[in-house]
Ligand SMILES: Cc1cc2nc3c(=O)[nH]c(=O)nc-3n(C[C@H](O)[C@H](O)[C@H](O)COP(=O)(O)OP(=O)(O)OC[C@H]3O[C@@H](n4cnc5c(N)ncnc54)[C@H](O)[C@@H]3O)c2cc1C
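Take a look at this single chain, the form predicted alone, given in structure tokens.
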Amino acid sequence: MSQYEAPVKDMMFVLDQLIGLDDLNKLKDCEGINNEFIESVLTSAAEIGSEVIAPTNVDGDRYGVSLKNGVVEVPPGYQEAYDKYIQGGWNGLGFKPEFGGQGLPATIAIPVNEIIMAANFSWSHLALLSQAAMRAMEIHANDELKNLYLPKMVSGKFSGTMVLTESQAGSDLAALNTTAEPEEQHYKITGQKIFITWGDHELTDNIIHMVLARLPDAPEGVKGISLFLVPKYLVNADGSLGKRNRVETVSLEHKLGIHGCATCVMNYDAAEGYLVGQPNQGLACMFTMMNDARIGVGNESVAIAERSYQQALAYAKDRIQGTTHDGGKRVSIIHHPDVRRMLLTMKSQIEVMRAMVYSTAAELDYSRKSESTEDQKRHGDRVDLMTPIVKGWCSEVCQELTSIGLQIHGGMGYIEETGAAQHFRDARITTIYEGTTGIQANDLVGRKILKDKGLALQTLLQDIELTISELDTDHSIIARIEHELSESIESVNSSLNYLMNHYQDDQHLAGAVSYNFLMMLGTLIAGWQAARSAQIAVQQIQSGASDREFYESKLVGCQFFAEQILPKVHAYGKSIRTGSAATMALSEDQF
């Protein structure tokens, strides 16, 4: 199934009613961003997503990419889709007008990216990695580099990559060996990198690699890493292309999923590069890219789960199997309670995942555009706390949801021709790249919670408690949601107290409980978004909204989440409070 319809109505619900556009309008450079404008942007994005990009998805998976005579060949339709994408100006949506962008906030760029990713997940990586590279350049590069490269990247004529990983240095960037030798006005970059997403192709005129490497006098460890801009083709002072740089694609990785995405092994043989940011500060520059990318992976998880859900829903409505419970007429499988359970498990979690991702994007805008430094810091702290949760929790849930999407198809889901298996395979990467779930969990507990003694988390919990106090418990469904959310936050507070009281006495505790802590917080925050959404839905129903069925569906989804998913908070909390003893008990030989 190649059809995809962007859920614009659900997107607008989150943006307009859950986040609120009135406050966003007050931010610098966000004036005039109203409901009508955003809906027109999303409707246009939905058109290119469903009509231009989505039809390339099946061939992207079926044909994949290949390396022939040093050239990366892409699936049919990719070039045409990319050309139409950049002609529409979609690549520069969130970047400054001085470089050719449209200057729109992340809150608007995120749903557009969701549409693109759901349309063709493999293809979309080209645009998303370019945006991450552009963000790092915009913040850290000097004016000369920005003026020479950013306009071409924003226009989409150049694409970009993140170049971190080496065979001996995966998550441990301190072990990387790529070197940068100074030479006149540039550096000579030498080393081999792996897992480089869209590291080579012919879809754009040039590819700009953002490469981590070491200077000759660099200190050991991550403190000695610098960031360099290394173009595939050198660029002359007037912006024209020069000779081919000493950058070569050694091979393409053969992967479980995202077959239509070129994942390259790249060799840099004294390639000409240019320092981005300060010497030995490359990791800080790269984290600008990685944090953007991590929120992006949370958004990817929403996109793939949505695509899987749409396909499963269509199949459930069409597939005739079995009879009604009283043995009457034969019915489509959507009439069976267990299929409805699976569909609601998907629908309810996709909606709160979307709310979580979009809300974090809004916090990012407030952290960048608020007038006072105090407000910038407050929102920045929320982004820092939420980033590993958005990446880790959403990607883990995505594994479950795409698996359920396949399960709804029954035996046909296991057959590649239906397409259900592709979403399952493609989704599997989301918990791994840009930092595994374990890395996100360690970051959350070690750097975000223990480092500030839980202050940012306690501020978040206070916001959730404020929502609880404002819920309309006279409504029976809201009352049930309020009850579940109140019990969940008690469990989280108990788990936080346990962690804070015991981590100094148990060196393994933080690492042993971090995954459960991330999943617990993700589930709680999703429940918070469900409660807020349910309250809005009830208000709209009671006020006689014209699209009553939409709000009734929203309310049932929130109720289902609160009753069927939110109780997982207690299980995660209980596991946390058992400590690390069993986790660390076995010797290496006993495994």
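Sequential numbering from 1, following the sequence displayed. Since the structure is predicted, the reported quantities are computational estimates derived from the model, not experimental observations.
Another form exists, predicted together with the ligand; not displayed. Remarks below refer to it.
- In summary, the region of this chain contacting the ligand in the predicted complex, judged by heavy atoms within 4.5 Å and restricted to 101-109, 253-261, 496-504, 476-484, corresponds to 253-261.
- Proximity of residue 190 to the ligand in the predicted complex: non-hydrogen atoms within 4.5 Å are absent; the residue sits far from the partner.
- In the predicted complex, at least one heavy atom of residue 438 sits within 4.5 Å of the ligand.
- Using a 4.5 angstroms limit between non-hydrogen atoms, residue 162 touches the ligand in the predicted complex.
- The ligand is not drawn, but in the predicted complex it has no heavy atom within 4.5 Å of residue 87.
- Only one of the listed residues (224, 410, 170, 322) places a non-hydrogen atom within 4.5 angstroms of the ligand in the predicted complex, and that residue is 170.
- Among 424, 95, 274, 433, the residue placing a heavy atom within 4.5 Å of the ligand in the predicted complex is 433.
- The three residues 115, 207 and 299 each lack any heavy atom within 4.5 Å of the ligand in the predicted complex.
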